[in-house]
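Read the single chain below, which is given as structure tokens and is the form predicted alone.
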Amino acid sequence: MRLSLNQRTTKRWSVAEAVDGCVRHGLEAVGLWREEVAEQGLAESVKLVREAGLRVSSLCRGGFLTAGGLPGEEGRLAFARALDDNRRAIDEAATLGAACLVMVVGGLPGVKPGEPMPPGASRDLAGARERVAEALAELAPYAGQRGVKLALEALHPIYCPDRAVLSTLGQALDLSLPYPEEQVGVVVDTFHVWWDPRLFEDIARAGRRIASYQVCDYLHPLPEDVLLGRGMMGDGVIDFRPITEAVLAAGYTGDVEVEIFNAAVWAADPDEVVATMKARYAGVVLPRP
């Protein structure tokens, strides 16, 4: 398996700095974020990655497809805007040659990430999931035309209200099945799925639909801002090796992307973070010989 640095793990690094850091540390792949790519410039980002000989293991992120569940004209316009933005994300992923576009599908309509539930926000969870399916029917063919795989990411249930109404790998997988595997796959992110009693069954069921394998640890207790509860592998509660073995057995041959949201990690020297990441990958994530 191949190690990739997700750019958000070293949040202070621009695209240029992340690419340079990967080269200096002997990594062959990088996972990029749309915001940083836009800041660097798409064409310049492509040039940097290609001249460094790196793979783009993923582009984060598309999604946030559920706002169409708002009533009336507001919902119609929100759905159209979401589709337009995701088509742009697909185009960016195609230009970068990314292995997949990670899709964080969105929470309840009207609920914004990390903010209190506003008046008029929807509580229709089933309807929000229907909006995701409707959007996927529009976006999957376009992604196929552009040679991009959409990677549906199930997020831990604590993020269901505001970030992802898909909470299990099985839910994400079921949503992907109507489409060719080269168009729609799933993400196995250890932080989000480690707790699921059906995890190993659904990894096996996913097979070659696994489009991305992302790793980081689940810290206990979680910090006040639960978004920052991701830790370096070995610092939390996850037993990585059985999950890695299951992903390998399912036929996954792509990169293993380390994606960490953590204030202390972000404040640390990025080169030290990458060095620790490499050591923990070898010592904690990979199966024993």
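Residues carry their position along the shown sequence, with the first being 1. Everything numeric in this text was worked out from a predicted model, so none of it was measured.
In what follows, reference is made to the form predicted in complex with a further copy of the same chain, a form of this protein that is not presented.
Sort through 84-92, 157-165, 138-146, 181-189 and report the only stretch with a non-hydrogen atom within 4.5 Å of a further copy of the same chain in the predicted bound form. Only one stretch qualifies here: 157-165.
Give a yes or no on whether every one of 108, 198 and 218 sits within 4.5 angstroms of a further copy of the same chain in the predicted bound form by heavy atom. Yes.
Residue-level question: is residue 115 within 4.5 Å of a further copy of the same chain in the predicted bound form, judged on heavy atoms? Taking the distances in the predicted bound form, the answer for residue 115 is yes, it comes within 4.5 Å of a further copy of the same chain.
Taking a further copy of the same chain as it sits in the predicted bound form, is residue 239 in contact with it (heavy atom to heavy atom, 4.5 Å or less)? Yes - in the predicted bound form, heavy atoms of residue 239 and a further copy of the same chain come within 4.5 Å of each other.
Using 4.5 Å between non-hydrogen atoms, is residue 228 touching a further copy of the same chain in the predicted bound form? No, residue 228 sits far enough from a further copy of the same chain in the predicted bound form that none of its heavy atoms falls within 4.5 Å.
Decide whether residue 46 counts as a contact residue for a further copy of the same chain in the predicted bound form under a heavy atom distance cut-off of 4.5 Å. No, residue 46 is distant from the partner.
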